[in-house]
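One chain is shown next in structure tokens, namely the form predicted alone.
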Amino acid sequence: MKYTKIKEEAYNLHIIKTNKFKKNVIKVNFKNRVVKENIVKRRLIPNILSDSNAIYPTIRLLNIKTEELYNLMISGNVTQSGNSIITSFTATFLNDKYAPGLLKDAVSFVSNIIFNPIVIDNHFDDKAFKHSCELLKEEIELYNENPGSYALEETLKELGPNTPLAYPIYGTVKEIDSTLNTDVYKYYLDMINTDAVDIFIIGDIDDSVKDIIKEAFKNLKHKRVNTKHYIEHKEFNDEYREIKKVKPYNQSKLIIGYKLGDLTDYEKEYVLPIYSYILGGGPDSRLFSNVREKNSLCYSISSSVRIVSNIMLITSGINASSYKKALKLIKEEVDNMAKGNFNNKDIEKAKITYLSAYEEVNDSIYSILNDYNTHEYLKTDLVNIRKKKIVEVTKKDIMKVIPKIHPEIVYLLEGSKDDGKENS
């Protein structure tokens, strides 16, 4: 596998050559600073572009074209990551070994989807716009119906009230209803003209791909500046602040939030994940063993780290009646870790789990692409380097990082329909 990054005037091109797969994948990212007022507009754009195209003006013609391209698959997605929001267009298609000339046609098709929507009097096709609004409302409804999603969103608001952590991931129904088609189109033009653009392409490709992409994306004119990706916290409470809310759910959710401060890159990428795994990363973790298995105080519990937001979360599904006992035991396990009540065997188990996950990265074309995507934006090591560095983590490293994990929030979402029985 060979990786090349080419800095063009208007975009960065990332070429990953490998003959391991029958298919190629191209991913085009538009990245900018996340702005709360623009989240809805950003979310609407991918579905509008997939529904409305000037070159393929009907869904039938669009489907016929993808069939002609040997069932090329294309999708659009929006991701909020730290201080950034990224709109991605991803296409998967056969490589030229099996379909000569397809690379050029596929790249051209992706470009047409992005740059050639149906536009009438400075707004998108009304039918496509309305359909996109309906789809986004459905996503919001499904998200809000899930107690875990609701509790997580509320916890993040409390952890970072003055940061993008407090922004609703999909926007709100009220914002959708007040958003004009013309405003979305204007924002779309801003996106393609001002966002930082990264184009990733992976597969059995040759050097001609550089010129193919340059021609297909000639609409991109100017280089843009990348935004600062990581959220940094300046204030730490170092004590738990309890918040309780009651909502008409069948389940109750307990989330404990921590802020992370002054971590080195090595601690972020290697030490903290090992700590989190020992605490609550698997079926033999401290939280799972002692809170769920031994004491039956929850039906799910885990610890996770969000490095880009510099936070750690302990998430549990509980019966509301078990709240005090469960919280007490969770705090005890966190304190036990701070006292060093874990051993090298625990560390080795965590390392084996991560090494196994790293081995699987190279088995998937999408995992490899995402590895380089993350490397570009978060400056993390590529998987082959991670395999070497993860084994270097020691108990001393973990003890050194623990004081940098600052307790902040205990959030209980009590389901008013919680009957005390386990729910999945």
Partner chain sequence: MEKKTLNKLDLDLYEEVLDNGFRIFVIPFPNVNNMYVTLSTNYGSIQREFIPYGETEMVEVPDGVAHFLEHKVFEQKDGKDPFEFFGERGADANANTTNVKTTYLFSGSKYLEDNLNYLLDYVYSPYFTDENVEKEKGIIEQEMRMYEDDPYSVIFENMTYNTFVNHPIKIRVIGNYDSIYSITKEDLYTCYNTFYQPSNMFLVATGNVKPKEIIDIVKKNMSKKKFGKTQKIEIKKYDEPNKVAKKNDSIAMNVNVPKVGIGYKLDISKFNLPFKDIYNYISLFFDIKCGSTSLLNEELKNKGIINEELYISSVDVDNYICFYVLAETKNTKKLLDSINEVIQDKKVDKKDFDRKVNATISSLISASDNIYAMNSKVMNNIIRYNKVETNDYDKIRNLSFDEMKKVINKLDFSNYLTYIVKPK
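Numbering follows the first chain given and starts at 1. Keep in mind the model is a prediction, meaning the values are calculated, not measured. Under this definition, the rigid core comprises the largest set of C-alpha atoms superposing within 1.5 Å between the forms.
One more form of this protein, predicted in complex with the partner chain, exists but is not displayed; see below.
Participant: Looking at heavy atoms inside 4.5 Å, which stretch does the partner chain contact in the model of the complex, given the options 116 to 124, 343 to 351, 153 to 161, 193 to 201?
Facilitator: Heavy atoms within 4.5 Å of the partner chain in the model of the complex occur in 343 to 351.
Participant: Counting heavy atoms only and using a 4.5 Å cut-off, do L142, Y249 and P283 all touch the partner chain in the model of the complex?
Facilitator: Verified in the model of the complex; spot residues all in contact, yes.
Participant: Within 4.5 Å of the partner chain in the model of the complex, heavy atoms considered, which of N71, S208, T182, N219?
Facilitator: Answer to the contact question: N71.
Participant: If the cut-off is 4.5 angstroms on heavy atoms, which of these, V78, L94, V305, A166, is the one near the partner chain in the model of the complex?
Facilitator: If I apply the 4.5 Å criterion carefully, the residue I get is L94.
Participant: Can you tell me if N63 lies within 4.5 angstroms of the partner chain in the model of the complex, counting non-hydrogen atoms only?
Facilitator: It does: once the partner chain is placed as it appears in the model of the complex, N63 has a heavy atom within 4.5 Å of it.
Participant: Wondering, does N370 line up within 4.5 Å of the partner chain in the model of the complex on heavy atoms?
Facilitator: Although the partner chain is absent here, N370 would stay clear of it in the model of the complex, with no heavy atoms inside 4.5 Å.
Participant: Can Y240 be called a contact residue for the partner chain in the model of the complex at 4.5 Å between heavy atoms?
Facilitator: It does not: once the partner chain is placed as it appears in the model of the complex, Y240 has no heavy atom within 4.5 Å of it.
Participant: Check K331 for me: does it contact the partner chain in the model of the complex (non-hydrogen atoms, 4.5 angstroms)?
Facilitator: No - in the model of the complex, heavy atoms of K331 and the partner chain never come within 4.5 Å of each other.
Participant: Considering only 281 to 299, what residues come within 4.5 Å of the partner chain in the model of the complex, judged by heavy atoms?
Facilitator: The stretch 281 to 299, when checked against the partner chain in the model of the complex, contributes P283, D284, R292, E293, S296, L297, C298, Y299 at the 4.5 Å heavy-atom cut-off.
Participant: Could you check whether the CA atom of N63 moves 2 Å or more between the shown form and the other one, using the rigid core for the fit?
Facilitator: Comparing the forms between the shown form and the other one, which are aligned on their rigid core, N63 does shift its C-alpha by 2 Å or more.
Participant: For E158, decide whether the Cα shift between the shown form and the other one is 2 Å or greater, given a superposition on the rigid core.
Facilitator: No, its C-alpha moves less than 2 Å.
Participant: Superposing on the rigid core, does the Cα of D96 end up 2 Å or more away between the shown form and the other one?
Facilitator: The answer is yes; the displacement is at least 2 Å.
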